[in-house]
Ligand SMILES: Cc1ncc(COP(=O)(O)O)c(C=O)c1O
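Starting off, we have a lone chain in the form predicted alone, written out as structure tokens.
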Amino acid sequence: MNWNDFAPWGRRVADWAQEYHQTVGDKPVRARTRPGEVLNALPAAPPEGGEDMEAIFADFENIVMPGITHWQHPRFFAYFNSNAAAPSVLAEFLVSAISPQCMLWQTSPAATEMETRMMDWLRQALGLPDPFAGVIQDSASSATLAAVLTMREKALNWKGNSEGLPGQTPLRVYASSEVHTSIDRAIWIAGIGQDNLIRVPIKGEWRGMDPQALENAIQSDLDAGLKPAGLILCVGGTGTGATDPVRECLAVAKKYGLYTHIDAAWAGSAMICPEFRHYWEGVEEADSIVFNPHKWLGAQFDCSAHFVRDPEDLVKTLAISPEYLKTHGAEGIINYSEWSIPLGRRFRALKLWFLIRAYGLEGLRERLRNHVAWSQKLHDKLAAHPDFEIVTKPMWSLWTFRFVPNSSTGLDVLNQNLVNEINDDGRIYLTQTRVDGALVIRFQTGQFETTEDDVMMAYDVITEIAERLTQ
């Protein structure tokens, strides 16, 4: 294929994408292929000669698509949605076409300066104060790793990168049991070690960290000659939407000089709605905050917004500038590769620009508010059913429940069977988690084009299949 053939195929792919998004709700949500089915349909050896695009596209439809779980399905209620709003897809099409490598200001000034502006638009949308500056990371995992490396360096007086960790006083980082596993990985990669990630007990309906238990843990470590380095808080945890009491926990961390990071990967998008900001009251005292516009806000994966109070701490931790990466003759520029772990960087800001301009903040707020309201409506209806119990109340659009028919034992097995049967049915997609050791079923609404009817259909599917299981 050459560029003379590109335009007709571009139009064909655009038509295919439009039809896909308009009809995806007619498909089963989850892929139905068996392990190895796609692999075995692909030739074991690469072709020696070029093949016609007709054959390639036919194989895409016949081999690839049956093995795709439809994250853009309006009844995808599992995990957190990885959305792809239409303007975001168009922006990514353009980025793919021009394919810039945006590691430095000089390698594409427009990408760097648009990133600066888009991150400030998001800062304003969230209601964060002026001192915060932002960078677009590929994922919340990378942002959290950058924050953990920064808290490590600050605690070691900037000697960790140069001297390593052997011989240093062991560092301690504090988080609840509800944080994402990306925190564990960040602790591993930073060399701090799993045993030095201290799990602080939780309490209350929000399943948030106990501030007094946090202070007790810090003081105990100090008494033992260890070095408290950082605190990682959770706002909208993956399992149940768990949310730490931000203001109270940050006050404890500040008292002991800890670097603080807030993981709001999913729920941070909701903070464009002022009525939800009480969930992270006190956030302005944090050192680092991350949320993912590629989840609930509608931007296409990957696009993670990382805000820091003092960019110099992040740059001091991550920047390295050999001569070939220096930009001479330009003052006051930002090289965002010095704010990130990878050197290479995609032009991610363009899709935010398209997305925010196409819908406006109020258009985005309306979608989020609808998701929360519809999820609450489903919660209320299922709560009234005698064979179901609500385990954790709605946090934004996420809550958990359990099937508890009166005469049943072995409820964990029964509920896992219910999840499996629902997902095999194909009309909706749910996942399970555990709350205080018990297996429960998660429900969350967040797909960009979902409707109230899509959400309420979940009640019919859940109750119908539950009844079938107990007959």
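Throughout, we count residues from 1 along the sequence that is shown. Source: prediction; values computed, not measured.
Just so it is clear, the following notes concern the form predicted together with the ligand, a form of the same protein that is not shown.
Contact stretch among 230-238, 374-382, 203-211, 310-318 - heavy atom within 4.5 Å of the ligand in the predicted bound form: Stretch 230-238 is the one.
In the predicted bound form, the one of A140, A349, A286, C249 near the ligand [non-hydrogen atom within 4.5 angstroms]: That would be A140.
In the predicted bound form, the residue from I192, A265, M395, A270 that sits within 4.5 Å of the ligand by heavy atoms: None of the others qualify; the residue that does is A265.
The ligand contact at R365 in the predicted bound form, heavy atom, 4.5 Å: Taking the distances in the predicted bound form, the answer for R365 is no, it never comes within 4.5 Å of the ligand.
Partner contact for S337 in the predicted bound form: the ligand, 4.5 angstroms, heavy atom: Judged by the heavy-atom cut-off of 4.5 Å, S337 is well away from the ligand in the predicted bound form.
Partner contact for S82 in the predicted bound form: the ligand, 4.5 angstroms, heavy atom: The answer is no: S82 has no heavy atom within 4.5 Å of the ligand.
The ligand contact at S182 in the predicted bound form, heavy atom, 4.5 Å: Close contact exists here: in the predicted bound form, S182 approaches the ligand to within 4.5 Å, heavy atoms only.
The ligand in the predicted bound form - contacting residues of 276-297, heavy atom within 4.5 Å: Result: N292, H294, K295.
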